[in-house]
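Listed next as C-alpha cells is one chain, alone, in the form predicted on its own.
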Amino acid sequence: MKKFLMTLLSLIMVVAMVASCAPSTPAKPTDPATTQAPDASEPGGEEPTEPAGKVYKVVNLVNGTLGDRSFFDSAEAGLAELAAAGRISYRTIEMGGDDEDQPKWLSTLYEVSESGEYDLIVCGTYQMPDYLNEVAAEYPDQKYLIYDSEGDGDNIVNINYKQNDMGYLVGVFAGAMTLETDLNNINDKSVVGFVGGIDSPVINDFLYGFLLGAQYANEDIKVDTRYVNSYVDPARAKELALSMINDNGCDIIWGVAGNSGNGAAEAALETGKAWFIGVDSDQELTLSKELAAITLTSGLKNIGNSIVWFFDELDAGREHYGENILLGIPEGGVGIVTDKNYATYATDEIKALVAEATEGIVNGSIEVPTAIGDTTGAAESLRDSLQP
C-alpha cells in the first residue's frame, strides 16, 4: 500500500511539472489602434485564443491627416477591420499634408524601416513613390505596400485600381439617367459630359469605360469630353463645364480631375441645369451641402477593401511583392455609390441596369478594355466619335 501511494505521488508531481512548462497561448489584439497584441501573461480576462494565422505588425503612414473622408480614411478602415479580426496589430502615423511636412514623410519612412519592428509598412498616393523608392532600396528585407500609386522594388507591392471598370458603371448610370426627363435638371438631349484632368492614359482609362458604359445604357448618347490640363484649377474646369451645359446641353457631368473637378460641380449648381458625379471617394461626404445635393453618385476606389484583399492573399501564400496589382469590381477594388442621392433619384430600372452591368463584369460576360498600354487609339477614336 505504501509503495502504491509513493508511485501515485510521483505521477502527480510529473503532471504538475509538465503543466508548468507548457507555453502560454498569445491573445488576440482587441483594440484596432494598438501597436502590439496584448501580453498573454497579463492576469485576468478570458482564456486567450490563438489566431488562425500569423498576426502581422503593420504601420500605416498617412502623408496628410485622417478625416479626409477619402483615401486615408478608407485605408484606416480596412486596417481597423483586420485588427478587429485579430489578423494584424497596427499603428497609424499622421505625417501632415502641407509642403513643409514633406521632409517628415521621408524621415518617418527611414525611421520605421530602420526599427525593423514591422512586417509591413503601408503608404499611399502619387506623392509617395520617390520617397518610398529611396528608402525601400536601403532596406531590401523590409516589406512595403503602396496604394493608388507605384513604387519600384522587389520588396514593394503596388495596389492600383481598374478605373475602366469603375468608369463603365458610372457610364451606365449616366447614360440611363439622362433619359429621365421628369427629373429636375434633366433635358431632352442625350448628352453627358466628362471633365478630365489631363489627356493621359490613366484619365482616358476612366473615360474609355465611361463611354462604353454610356453606350450600353443609351445607344443615342453623346459625351462632351474636355480636359483641364491641371488637377488644381477648378476655375478652368468650371469654365469648361459651363460651356458644356450651356452650349451642348450636358445635364450630367463626371469630374475626373482631382480638385479641378469640383469646378464642374460648381457650374452644375450655378446654372441649375445639370447634375454632377464625383470620383475616387464618396463626394457627397466631402463637398459642401449645396454641391453634395446635386451630386448623383461617385465612382469609388475602395482602398480599405484592397488592403483586406492583400492580407487575404498573404495568408493564402500569395505575396505579390514586386508586382503592380490591378483590382476591379470582383475584388471590391472599385465600385459606385448606391445610397444617398443614387437611392433617391435612380429608378428601379436604372438600379437594375447598373446591377446587371456589375454582374456582367464580375462573371466575365462584360469585358471592359483599358486605355493604358493601348496602341490602337481605340479610346481616343470612340471619344471623338461621341462628341456632340
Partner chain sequence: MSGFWSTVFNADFVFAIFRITAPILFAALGAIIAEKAGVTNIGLDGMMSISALFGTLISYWTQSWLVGVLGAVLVGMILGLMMGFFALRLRTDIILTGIAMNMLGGGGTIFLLYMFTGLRGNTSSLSSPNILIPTLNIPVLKDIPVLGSIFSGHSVLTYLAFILVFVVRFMLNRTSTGLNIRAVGENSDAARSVGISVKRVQYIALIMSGALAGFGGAFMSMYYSQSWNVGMIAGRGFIALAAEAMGRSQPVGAMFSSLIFGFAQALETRVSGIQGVSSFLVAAIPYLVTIIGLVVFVWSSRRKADKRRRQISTSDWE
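Please read these numbers as outputs of a predicted model, since none were measured by experiment. Numbering follows the first chain given and starts at 1.
Unshown form predicted together with the partner chain; subsequent notes refer to it.
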property: Contact residue in the predicted complex, chosen from Asp148, Asp282, Glu81, Glu266 - any heavy atom within 4.5 Å of the partner chain; result: Glu266
property: Residue among Leu240, Ile203, Ala174, Ala274 with a heavy atom within 4.5 Å of the partner chain in the predicted complex; result: Leu240
property: Distance check, Leu291 to the partner chain in the predicted complex, heavy atom within 4.5 Å; result: yes
property: 4.5 Å heavy atom contact, Thr225 to the partner chain in the predicted complex; result: yes
property: Non-hydrogen atom contact Lys54 with the partner chain in the predicted complex at 4.5 angstroms; result: no
property: Heavy atom of Arg236 within 4.5 Å of the partner chain in the predicted complex; result: yes
property: Listed range touching the partner chain, judged in the predicted complex by heavy atoms within 4.5 Å, from 296 to 304, 148 to 156, 125 to 133, 246 to 254; result: 246 to 254
property: Heavy atom of each of Ser190, Glu219 and Ala352 within 4.5 Å of the partner chain in the predicted complex; result: no
property: Residues from 74 to 113 in contact with the partner chain (non-hydrogen atom within 4.5 Å) in the predicted complex; result: Glu94, Asp98, Glu100
property: In the predicted complex, whether the C-alpha atoms of Gly64 and Asp199 sit closer or farther than here (change of 3 Å or more); result: closer
